[in-house]
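In the form predicted alone, a lone chain appears below as structure tokens.
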């Protein structure tokens, strides 16, 4: 336990030193501020491009438009930035040989894997929480008296999908030594989830549905209970991938 906490502090310091934490937070803070503003200003901007004689009726922006921007940015650019930043979660230290010294001094390999996963989860949690808080604050200010049901549940589903994706990333990093290989395996897993999501019988169990059905929860076209199976599967596979990462890394030749 002591080794786990010491290495976790070291990881957090490294993320600060290499600006990974700053980049993640900055990206999500920008999204949090701009999500409601884009929703509010898009109709105004479109009207400014209209020429004389052309009349286009644009619907008034609502809070749903702001949250649509939130989920679009978080599930696209946000997750892409996260995967790229964390793709070298093991490869950078393996290539430099810095882990060998720590392991020879008594640090367990299991503690390394758990510390790295915990650190990534903390960065992801802080980032998505800041983005949500800023989006919520500006949305309430710009679109007062508009209720968005299942909002916290929908954001929690997205957060849980992030944990699943980080577990896949860590598993990929334990399998291969290069960050490119880690990215490749992660993309393959994501592509497989996207393809399987087309099949209705698999959709309810597919982890990626936690990142695709968010707006359906807000508008009421999807029941919260329909995602319970996906939540269970995502949680289970996250634990499996982290456990496999520890097992693979335990036997890995450094």
Partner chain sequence: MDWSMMKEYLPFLVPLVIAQLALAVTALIHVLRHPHYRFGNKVMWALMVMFIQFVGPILYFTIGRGEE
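Keep in mind the model is a prediction, meaning the values are calculated, not measured. Numbering follows the first chain given and starts at 1.
Missing here is the form predicted together with its partner chain; even so, the following discussion is about that form.
Taking non-hydrogen atoms only, residue 36 approaches its partner chain to within 4.5 angstroms in the predicted bound form. Contact annotation: residue 218 falls outside 4.5 Å of its partner chain in the predicted bound form, judged by heavy atom distances. A residue is said to contact a partner when one of its heavy atoms sits within 4.5 Å of a partner heavy atom; residue 84 meets this definition for its partner chain in the predicted bound form.
Its partner chain in the predicted bound form comes within 4.5 Å of no heavy atom belonging to residue 124. Scanning 41, 192, 224, 202 against its partner chain in the predicted bound form with a 4.5 Å heavy atom cut-off leaves one residue, 41. In summary, the region of this chain contacting its partner chain in the predicted bound form, judged by heavy atoms within 4.5 Å and restricted to 184-192, 26-34, 225-233, 204-212, corresponds to 26-34. No member of the trio 148, 152 and 242 reaches its partner chain in the predicted bound form with any non-hydrogen atom inside 4.5 Å.
Contacts between stretch 3-27 and its partner chain, counted in the predicted bound form as any heavy atom lying within 4.5 Å, involve 18, 19, 20, 22, 23, 26, 27, listed in sequence order.
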